[in-house]
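One chain follows as structure tokens, the form predicted on its own.
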């Protein structure tokens, strides 16, 4: 699970990074808004922590830019306590808001709660639906009584989203944003290739998929018994 932290307070940036790393998260650091946007595009993090007061582009601007291309969870960090800042952050698409100073335990609890709400909780153990069981810690999937099969990170993220909404069609755009953190006209072919690879690992006959089905013109659906 990868988290992008953007804050121009280098001491706090280091402390937050250390706290998250100790809790098992991969951390990407940025000390200004422009760098945060560049790293967001390059790294595709699972969650973003944004300080409001940053040079280059403030947290509000970064949040707005992120929301133009992704639904990744965003938490705002600020020393301010004014209600207008909270309202503005939420209107721009932020998912949560944490005032400084905060304890490491509070930060981790809020981060895990936000990931849980987004269906991305780390270390939550196996996720199961029907005959499928996904282990996000080990990046493996088991079908029925068969041996677990190793998945790539992208394959695991795709299956995680489908399992969380088993039985329901998920649009291609939503899957693209969940797996890669962005969407684009050319990315649908990447998604098709990823779906193809996953079918090779979970279907008894990938040419006639029974579990991971295509909903023509809509997206994909995981069918479970």
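It should be emphasised that the depicted structure is a prediction, and the values quoted were computed from it without experimental measurement. Rigid core: the largest C-alpha set superposing within 1.5 Å between the two forms. Numbering follows the first chain given and starts at 1.
Unshown form predicted together with the DNA; subsequent notes refer to it.
Every residue of the trio 150, 207 and 217 has some heavy atom no more than 4.5 Å from the DNA in the predicted bound form. Residue 29 falls outside the set of residues with a heavy atom inside 4.5 Å of the DNA in the predicted bound form. Under a 4.5 angstroms non-hydrogen atom cutoff, the DNA in the predicted bound form has residue 154 among its neighbouring residues. Under a 4.5 angstroms non-hydrogen atom cutoff, the DNA in the predicted bound form lacks residue 53 among its neighbouring residues. Although the partner is absent here, residue 38 sits far enough away that none of its heavy atoms falls within 4.5 Å of the DNA in the predicted bound form.
Of the residues 64, 34, 190, 166, just one reaches the DNA in the predicted bound form with a heavy atom at 4.5 Å or closer; this is 190.
Only one segment in the set 53-61, 158-166, 38-46, 196-204 has residues whose heavy atoms sit within 4.5 Å of the DNA in the predicted bound form; it is 196-204. Once both forms are fitted on their rigid core, the CA atom of residue 15 lies less than 2 Å apart between the shown form and the other one. For residue 31, a C-alpha deviation below 2 angstroms is recorded between the shown form and the other one after rigid-core alignment. Shown in the overlay between the shown form and the other one, fitted on the rigid core, is a CA shift at residue 106 smaller than 2 Å.
Relative to what is shown, residue 38 and residue 195 are farther apart in the predicted bound form; their C-alpha atoms differ in spacing by at least 3 Å. Whereas the shown form places them at one spacing, the Cα atoms of residue 149 and residue 24 lie at least 3 Å farther apart in the predicted bound form.
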